[in-house]
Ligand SMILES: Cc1cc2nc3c(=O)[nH]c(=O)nc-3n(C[C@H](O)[C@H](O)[C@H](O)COP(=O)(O)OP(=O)(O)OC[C@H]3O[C@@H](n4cnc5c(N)ncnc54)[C@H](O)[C@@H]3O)c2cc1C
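Starting off, we have a lone chain in the form predicted alone, written out as structure tokens.
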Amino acid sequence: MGNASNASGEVELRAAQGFLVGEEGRGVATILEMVSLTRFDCMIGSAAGMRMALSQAMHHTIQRWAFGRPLVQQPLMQNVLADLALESEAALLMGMRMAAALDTDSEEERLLARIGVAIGKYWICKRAPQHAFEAMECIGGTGVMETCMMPRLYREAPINAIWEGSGNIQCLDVLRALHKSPQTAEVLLAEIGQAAQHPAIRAGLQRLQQRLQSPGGDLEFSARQLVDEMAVLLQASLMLRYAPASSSEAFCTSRLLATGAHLYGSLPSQTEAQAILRRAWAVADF
């Protein structure tokens, strides 16, 4: 399994001349600067895959009729599609925020990128396979045919999660950043705190602060749980600052206030699904 038609090759060096690109004896530290950028690439690639999967699902459900009307007008399908749209937008916002941090020379932005890229690479790449599968299910039987784009998207989805460090590596890198540069926690909390006027984010931020101040137990054993919390709070903060209220409220309610694992299509009844879908498809109505 895996991706297809991806350009790759084996390089053979003959009488090649090399140049030192970093301090001698610090090769790993030097290459990690490149790794941060390629991990960022993985974030953006997975966010792009989510957007394409959403586009395929939206395109199909707008044209496919069942029970006398298009699938996109069916309430339960609207719930699923709106949820996929929220995940896609939150992933894009996180990717763009890290892009801005990587493009800035300030120490605060450098620290945010140091921890935020690891969080985003873990979370977005982890969410992409289930997102692709749910979009495939929206399309139905043709969604698993090789003549459709979805099988390729589905095969591609796990690649970024494994490439340039698997989920465990990213979570351990977050712990490493917190240990070696404690200011990263302060910068991350300040970034999330820009939307602390929302009660769900304020409550989540307080829990995260307490957890970071008094970690207790085996922090490495529960590292994924910690990074999950960081990722969703950061995405919720970005959604509240940059997305319409219909989208940000649905994201916060479904991700921060719901109990148990979030499965796509479980948005609360008060969700303005049609507004979310009109934004996702850039149309006035369906």
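Sequential numbering from 1, following the sequence displayed. Keep in mind that what you see is a predicted model, and the values were worked out from it rather than measured.
We do not show the form predicted in complex with the ligand, though everything after this point is about it.
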property	result
Contact flag, N168 vs the ligand in the predicted complex, heavy atom cut 4.5 Å	yes
Contact test in the predicted complex: E164 vs the ligand, heavy atoms, 4.5 Å	yes
Contact flag, L172 vs the ligand in the predicted complex, heavy atom cut 4.5 Å	yes
Residue stretch of 156 to 164, 76 to 84, 195 to 203, 133 to 141 approaching the ligand in the predicted complex, non-hydrogen atom distance within 4.5 Å	156 to 164
